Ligand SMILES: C[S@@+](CC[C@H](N)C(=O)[O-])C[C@H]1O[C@@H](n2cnc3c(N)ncnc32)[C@H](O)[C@@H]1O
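Next up is one chain by itself, shown in structure tokens, the form predicted on its own.
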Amino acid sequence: MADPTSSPSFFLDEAVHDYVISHTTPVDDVQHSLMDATAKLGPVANMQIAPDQGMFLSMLVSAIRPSFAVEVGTFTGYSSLAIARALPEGGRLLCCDVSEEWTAMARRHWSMAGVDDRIDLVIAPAVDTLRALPDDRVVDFAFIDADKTGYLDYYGELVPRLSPHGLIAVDNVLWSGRVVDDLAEGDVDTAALVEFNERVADDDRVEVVLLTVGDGVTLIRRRT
């Protein structure tokens, strides 16, 4: 079974990682259960965000206090659990995913945590779900962690809806450092992330910071 506090950060050695974890609010029983269940899936469990990333998301959401949040790419539910727990009273989280199998694990743990009543899960291509939102639906917080070739499409749907105080957080933008390497032939995910990072940095509509958290997290806000 994988270490439930393991980190995908490619630039942290073990001692620094252990220091980070020991100085971050520890996970609780529900989070441990979810991490243990996800670890049993095998190598695909690496798609789960690290505990320090989960706390980072919770703190962002607690500060923003979104009425409506969106997650693109739910997997087994660790990030959505972090977001939903931090929502203010009446806040809603829309989760977009295509897997009934993986999100069934998420549903169980949302229920265990008592947050299932504030989450709406839609099993369909995320870009279709986003395009189907009412024209006047404002997004206060979004987390993108799905297929890398779809990032620009999700970004394109979310930015025009972002509230003046809203944020978009995007995961895996460093891609274990491969974004600065020479692209290998056929490496479509790395190519997509390189293009995404460049397009966002050049977008005059937004301000952006790329953080070395986990596998790289970009925070985006609309210019006011």
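One rule holds for the numbers: they count along the sequence shown, beginning at 1. Just so it is clear, the model here is predicted, and its values are computed rather than measured.
The discussion below concerns the form predicted together with the named molecule, not included here.
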{"item": "Heavy atom contact within 4.5 Å of the named molecule in the predicted bound form, the stretch among 61-69, 43-51, 156-164, 184-192", "value": "43-51"}
{"item": "Residue 140 within 4.5 Å of the named molecule in the predicted bound form, heavy atoms", "value": "no"}
{"item": "4.5 Å heavy atom contact, residue 112 to the named molecule in the predicted bound form", "value": "no"}
{"item": "Distance check, residue 119 to the named molecule in the predicted bound form, heavy atom within 4.5 Å", "value": "no"}
{"item": "Contact flag, residue 124 vs the named molecule in the predicted bound form, heavy atom cut 4.5 Å", "value": "yes"}
{"item": "Partner contacts in the predicted bound form for 82-121 (non-hydrogen atom within 4.5 angstroms of the named molecule)", "value": "96, 97, 98, 99, 102"}
